[in-house]
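Given next, in structure tokens, is a single chain: the form predicted alone.
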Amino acid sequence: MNEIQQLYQQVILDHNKSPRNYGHLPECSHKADGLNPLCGDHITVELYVHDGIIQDIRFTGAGCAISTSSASIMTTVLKGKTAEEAERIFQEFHGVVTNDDAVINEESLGKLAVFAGVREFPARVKCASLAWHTVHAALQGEQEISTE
């Protein structure tokens, strides 16, 4: 197992075991529910956006280790970002997990870069991207999404 795969496993396990920003957000300005009916992952993302900045973001739900760890890391990355920055990071992340030719910019993605390994397992891409699609929907004012 190479170093990247080991790091991938360590980060996934750490964020699955101790998810960051897990729980309800008492005062949220944006909220959406996401569901992956193929595997049963479901997530609710709540954000508090003030003056165009994501001041706080939390998630609840249940899912596999990849889904939970992706949501956990996503929340740490998006705090303090604008909605436009969140969208740019989402597009970059989605490209990395779906496109074999995508360039991985570890500087902009940070720990999210470890999810590049997911693209080798197409069935798991939806697990890794569920939280991202859900936060995108929340920022767009959509209440529910389903990734089939």
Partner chain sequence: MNILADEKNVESLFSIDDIRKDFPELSRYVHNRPLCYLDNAASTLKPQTVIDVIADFYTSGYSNIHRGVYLTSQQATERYENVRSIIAEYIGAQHTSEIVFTRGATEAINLVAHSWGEYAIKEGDEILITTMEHHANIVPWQVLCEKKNAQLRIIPINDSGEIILEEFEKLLSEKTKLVSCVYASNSLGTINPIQSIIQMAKNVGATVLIDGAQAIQHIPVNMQELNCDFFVFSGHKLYAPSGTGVLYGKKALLQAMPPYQTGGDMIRRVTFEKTTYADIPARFEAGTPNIEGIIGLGEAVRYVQKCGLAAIAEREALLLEYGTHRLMEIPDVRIWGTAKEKVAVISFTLGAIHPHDIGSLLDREGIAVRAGHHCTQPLWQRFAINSTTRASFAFYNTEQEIDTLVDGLKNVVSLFG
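The shown structure was predicted, so the numbers you read here are calculated from the model rather than taken from an experiment. Numbering follows the first chain given and starts at 1.
A second form of this protein, the form predicted in complex with the partner chain, is not displayed here; the remarks below concern that form.
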ask   = Which one, 82-90, 50-58, 117-125, 23-31, holds residues whose non-hydrogen atoms are within 4.5 Å of the partner chain in the predicted bound form?
value = 117-125
4.5 Å heavy atom contact, residue 110 to the partner chain in the predicted bound form = no
message = I'd like to check something about residue 64: if you look in the predicted bound form, is any of its heavy atoms closer than or equal to 4.5 Å to a heavy atom of the partner chain?
response = yes
task = Answer yes if any heavy atom of residue 46 is within 4.5 Å of a heavy atom of the partner chain in the predicted bound form; otherwise answer no.
result = no
ask   = According to a 4.5 angstroms non-hydrogen atom cut-off, is residue 39 in contact with the partner chain in the predicted bound form?
value = yes
ask   = Counting only heavy atoms, which residues in 76-92 are within 4.5 Å of the partner chain in the predicted bound form?
value = none
